[in-house]
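Given next, in C-alpha cells, is a single chain: the form predicted alone.
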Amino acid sequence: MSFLAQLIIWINILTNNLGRLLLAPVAVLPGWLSNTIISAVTGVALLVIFKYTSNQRAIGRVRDNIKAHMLALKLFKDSMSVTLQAQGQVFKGALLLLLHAVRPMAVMIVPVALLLSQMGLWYQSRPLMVGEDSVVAMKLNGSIEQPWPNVNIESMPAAEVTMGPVRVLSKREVYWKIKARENGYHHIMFQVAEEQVEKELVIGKGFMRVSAKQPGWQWTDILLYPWEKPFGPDSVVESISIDYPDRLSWASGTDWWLVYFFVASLIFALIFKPLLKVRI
C-alpha cells in the first residue's frame, strides 16, 4: 500500500501539471460548456483507444453472428428448438462482446480515473466567497490514548478565525470556524507540536481550482484529492479538510458534473462511432 501511495503521488505530479494547462479554460468558460467540451474530447479519445486496443475483427464476427441468430428468431419463431438454440447463441455473443471489452476497459480505467480527479478540483466544490463562513478540520494521527500536541493556526491573513480550536477527543480531530476576507489562492499555516504544515484556501467567484482535502497516506484519498502533497505516514497530522460549499448546476455542479460527463461522453462516442468505424 505504501508503494502504491508513492506511485500515485508521482503520477499526480504529472497530471497536476497537465491539468493546470489543459483545464485552464474551465476558469473562463460557462460550466456547462467546459464540461461538454471535456466530455466530447474524452468520448472520442476513449473511442479511439477502444478501437486500437480491442480485437475489432473478432467483435465484428460476434456481432454478425448475433444478427444472424436474431433473424432466425423472427423467421423460425414457431420452432421451439430453433428458438432456444438462437437465444443461446445470442446470449453467448453478448458474453463474448463483454469479454472483448475487458482489455480496452483495463487500458482506459487509469487515465479516466486521473482525469476525473482533476475535473473534481474544478466542479465538485466552489470556492468560498468573501464574507462566507466555513469549517476547517484537522485529523491527527495516533490513538485516542496518546497525548495531544499543541495545535494552532499560525498565519491566515486572507480569513479570520471566528471560533476554535475545538477538539473532539474521540476522533482526534480539531475544528476551527473561519470567515473569508480576501479573494485569491491562499495558505493557512498551522503549528502542530514541532511541525509546521499548511493547507490551501481558495476564496473567490466563478470557477477556481479547489482542493477540499489535503490527504494522508491512503492511496484512495491521494487519488481523489491530487492537488496538495499528502501527509507522510510519520506525520503528526493525518489530513486537513475545508468544508467548501456545493456548486449548484445540473451540468457542472457538485456530483451532477460526473453524471453529465458520463452521459455526454457516451453520446459523443455514439455519434462518432460510425465515422471512426469502431465496432463495440
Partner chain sequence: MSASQRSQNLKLVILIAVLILGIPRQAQAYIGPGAGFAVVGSFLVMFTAILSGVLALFTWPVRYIIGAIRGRRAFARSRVKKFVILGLDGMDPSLTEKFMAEGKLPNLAGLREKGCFKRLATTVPSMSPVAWSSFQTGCNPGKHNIFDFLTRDKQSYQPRLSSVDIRGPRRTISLGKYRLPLGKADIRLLRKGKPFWKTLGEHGIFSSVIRVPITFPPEKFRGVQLSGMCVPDLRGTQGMFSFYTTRAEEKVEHTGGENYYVTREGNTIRAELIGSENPLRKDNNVLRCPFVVTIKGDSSADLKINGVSCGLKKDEYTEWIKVDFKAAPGIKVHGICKFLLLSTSPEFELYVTPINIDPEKPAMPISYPAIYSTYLAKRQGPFATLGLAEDSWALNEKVLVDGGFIQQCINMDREREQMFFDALDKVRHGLCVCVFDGTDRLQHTFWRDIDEGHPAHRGQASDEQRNIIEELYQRMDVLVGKMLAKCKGKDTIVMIISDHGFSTFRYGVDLNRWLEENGYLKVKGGPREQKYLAAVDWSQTRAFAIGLSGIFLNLKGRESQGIVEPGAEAVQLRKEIAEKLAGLRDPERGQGVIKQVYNALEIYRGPYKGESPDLLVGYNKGYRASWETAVGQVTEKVLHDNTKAWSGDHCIDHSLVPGVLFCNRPIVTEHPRLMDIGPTVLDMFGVEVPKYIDGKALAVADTDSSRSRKE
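Positions refer to the first chain, counted from 1. The term rigid core refers to the maximal set of C-alpha atoms that superpose within 1.5 Å between the two forms. The shown structure was predicted, so the numbers you read here are calculated from the model rather than taken from an experiment.
There is another form of the same protein, the form predicted together with the partner chain; it is not shown, and what comes next is about it.
For the chain shown alone, E182 is not a contact residue for the partner chain in the predicted complex, no non-hydrogen atom being within 4.5 angstroms. At the 4.5 Å threshold, heavy atoms of S239 stay clear of the partner chain in the predicted complex, well away from it. Interface residue remark: D234 is not counted as part of the site for the partner chain in the predicted complex, having no heavy atom within 4.5 Å. By the criterion of a heavy atom within 4.5 Å, K229 is excluded from the residues contacting the partner chain in the predicted complex. Of the candidates I11, I271, L23, L258, L258 is the one whose heavy atoms come within 4.5 Å of the partner chain in the predicted complex; the others do not.
This chain appears without its partner; in the predicted complex, the one residue of A106, M129, L169, V166 with a heavy atom within 4.5 Å of the partner chain is A106.
Every residue of the trio N65, L97 and A101 has some heavy atom no more than 4.5 Å from the partner chain in the predicted complex. This chain is displayed without the partner chain, yet in the predicted complex the stretch 113-121 from 131-139, 203-211, 113-121, 157-165 comes within 4.5 Å of it by heavy atoms. Scanning 80-94 for heavy atoms within 4.5 Å of the partner chain in the predicted complex gives M80, S81, V82, T83, Q85, Q87, V90, F91, A94 in sequence order.
Q89 is among the residues whose C-alpha shifts by 2 Å or more between the shown form and the other one once the rigid core is aligned. Residue displacement note: M129 has its CA displaced by under 2 Å between the shown form and the other one (rigid core superposed). Once you line up the core between the shown form and the other one, the Cα of H100 ends up 2 Å or more from where it was.
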